[in-house]
Ligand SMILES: Cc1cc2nc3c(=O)[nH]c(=O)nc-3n(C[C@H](O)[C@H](O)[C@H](O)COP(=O)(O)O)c2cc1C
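Next up: a single chain in structure tokens, the form predicted on its own.
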Amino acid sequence: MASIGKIKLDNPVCLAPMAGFSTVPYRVICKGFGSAYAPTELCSARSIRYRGVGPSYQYLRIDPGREGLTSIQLFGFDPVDFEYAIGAILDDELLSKTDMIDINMGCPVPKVIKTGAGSALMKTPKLAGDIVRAARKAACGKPVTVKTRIGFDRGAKGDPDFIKVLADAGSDMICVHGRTAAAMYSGQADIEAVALMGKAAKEAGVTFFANGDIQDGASALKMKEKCSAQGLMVGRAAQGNPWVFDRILKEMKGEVFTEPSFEERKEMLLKHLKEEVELAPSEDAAVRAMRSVFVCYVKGMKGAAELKDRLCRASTVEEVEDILWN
């Protein structure tokens, strides 16, 4: 069974952290379908250092009672920022209960990489290692994990040396997404490149997770076995589709998975939305934030294009309910 530091996971399949999707309600929903754990959305270490945890609380929030294992994800480019940010997190009554700290070294979004953060850290391995060391120093024994990519430039075919840097710095788990930063989310995940980095992690004695194009039992088994991965993270296949965890876990054991009906998907969309409303500053804010999520839930439904258009103009739960059921 997969483990991160001294933490043992119930199973090897987890929800990957995704901006706009990895909220508390959705992490709890995915746990209900089998996700072993899920990091929070990315949050700026620098913002926490200079503004405190308050302004970033919507991204940092955890719910250990319902989530089980929790992990707070940070991004940045300065080791001092990480040391301060983690200290502030551990000084907060709720946030201090997090089980792990995750460092984002994989985000390919231009506004993140132009600061030297996210996947740009693959171009500055010494700095990446220094960030892990600072995080470990501040984490008071809590595991520190890193999520990264197979390389920065489009032609990269895996970077085992970067894995060694992260391992030497004390990473407890490293997860690799099978695309380069330049590719962002286009094309197919390069399993060979992920396997190369997995081999380096194994040699360094570090827990290794793989990520990229995992959507069913067959793709999960292929990635796990070829990359010698102890764990897997599921990203885009889980957007608006929490059932994917049940599917993967069942199919990995040779069991039959039954697809949810359109009615079940609509009901889950509403459950998800109502939980988001409870945490948001207003109903309107929650509905607006969920618009990109609505699109994923109704994909493939009859009249999906019209449903998407109408849902993306809704501003209340009542409107969403009316659109879905009338």
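None of these values were measured; they are calculated from a predicted model. Heads up: residue numbers just count along the shown sequence, starting at 1.
Unshown form predicted together with the named molecule; subsequent notes refer to it.
Colleague: Does any part of residue 19 reach within 4.5 Å of the named molecule in the predicted complex? Heavy atoms only, please.
Modeller: Residue 19 belongs to the contact set for the named molecule.
Colleague: Taking the named molecule as it sits in the predicted complex, is residue 273 in contact with it (heavy atom to heavy atom, 4.5 Å or less)?
Modeller: Although the named molecule is absent here, residue 273 would stay clear of it in the predicted complex, with no heavy atoms inside 4.5 Å.
Colleague: Residue 179 near the named molecule in the predicted complex, any heavy atom under 4.5 Å?
Modeller: Yes - in the predicted complex, heavy atoms of residue 179 and the named molecule come within 4.5 Å of each other.
Colleague: Taking any heavy atom pair closer than or equal to 4.5 Å as contact, tell me whether residue 147 reaches the named molecule in the predicted complex.
Modeller: Within the cut-off, so yes.
Colleague: May I ask whether 41, 212 and 235 each come within 4.5 Å of the named molecule in the predicted complex, counting any non-hydrogen atom?
Modeller: Per the other structure, all of 41, 212 and 235 touch the named molecule.
Colleague: Please determine, with the chain shown alone, which of 116-124, 163-171, 235-243, 199-207 has non-hydrogen atoms within 4.5 Å of the named molecule in the predicted complex.
Modeller: Looking at the other structure, the answer is 235-243.
Colleague: Mind listing which residues of 58-84 have a heavy atom within 4.5 Å of the named molecule in the predicted complex?
Modeller: Going through 58-84 in order - heavy atoms within 4.5 Å of the named molecule in the predicted complex - there is one hit, 73.
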